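Just the one chain here, the form predicted on its own, laid out as structure tokens.
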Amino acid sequence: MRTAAALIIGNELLSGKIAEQNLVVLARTLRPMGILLRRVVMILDEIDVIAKEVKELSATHDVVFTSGGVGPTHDDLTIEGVAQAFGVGVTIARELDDLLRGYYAERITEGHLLMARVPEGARLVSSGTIQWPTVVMRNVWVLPGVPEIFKLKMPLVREDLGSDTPFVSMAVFTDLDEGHIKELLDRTVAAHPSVEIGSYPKWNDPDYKTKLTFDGTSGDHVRAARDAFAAGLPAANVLKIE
């Protein structure tokens, strides 16, 4: 199973000025691809910190996704940080430069052209439906922080990386709280080590009190764990099985 990490970059996120929206989009993209998102790091716009985190995450995961810091302003430092992480310089990608000049035409500025910068040795990934290229430096995808654009990049991620065995997810909803299901839950976890089991309580929800999720790459194993747990509950307390 391939593993992934996300590096979320931006002072505005850590100050609370902007709400982070890209992580859930990335997680929901990777899960059906069978890629396990193992770590998420959120940092300030600082070149040395970006470089340090990119270097460490790249060495310990199959693929890394950065989010943010790729515009033309003073705090858009991700390209420089990624280049520093791999010990290379920053260069102008002719393809990006041409696209920017074609798009902005007579309105082009030196600020716009800063968005053509890439780490030396990076490749540009595009497709017939997503023509604006994405910068990929070795195993690091450098993605924009703007949620609308970030989301538009996800089909490109799926197309370029391909899919492994996808995760299967099933669930049981009960009107019992976690204190009443702990022993059964512990037994189920111990009996089904290949299945990731989660317990998520709700407060003041009229529909259920606890949702139990069962995830894995084997549908048979996931179903067996889910059914074993559901069978251990009093029938009257099982509200829904998915």
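Fair warning: this is a prediction, and the values are worked out from it, not measured in the lab. In this text, residue numbers run from 1 along the sequence as written.
The next section is about a form of this same protein that is not shown, the form predicted in complex with another copy of the chain.
> Among V63, L37, A51, M33, which has any heavy atom within 4.5 Å of another copy of the chain in the model of the complex?
Replying inline: Exactly one residue meets the criterion: L37.
> in the model of the complex, which of the listed residues (P166, G121, P155, P72) lies with a heavy atom within 4.5 Å of another copy of the chain?
Replying inline: Checked against the cut-off, the match is P72.
> Is there a heavy atom of S218 no more than 4.5 Å from a heavy atom of another copy of the chain in the model of the complex?
Replying inline: No - in the model of the complex, heavy atoms of S218 and another copy of the chain never come within 4.5 Å of each other.
>> Test of understanding: in the model of the complex, would L13 fall inside 4.5 Å of another copy of the chain by heavy atoms?
In response: Output for L13 is yes: heavy atoms within 4.5 Å of another copy of the chain.
>> When the contact criterion is heavy atoms within 4.5 Å, does A228 count as touching another copy of the chain in the model of the complex?
In response: No, A228 is distant from the partner.
> Do A191 and another copy of the chain come within 4.5 Å of each other in the model of the complex, heavy atoms counted?
Replying inline: Close contact is absent here: in the model of the complex, A191 is far from another copy of the chain, nothing within 4.5 Å, heavy atoms only.
> Of these, 72-80, 158-166, 134-142, 88-96, which stretch puts a heavy atom within 4.5 angstroms of another copy of the chain in the model of the complex?
Replying inline: Result for this chain: 72-80.
> What residues of 192-223, in sequence order, lie within 4.5 Å of another copy of the chain in the model of the complex by heavy atom?
Replying inline: Contacts from 192-223: E196, I197, G198, S199, Y200, P201, W203, T213, D215.
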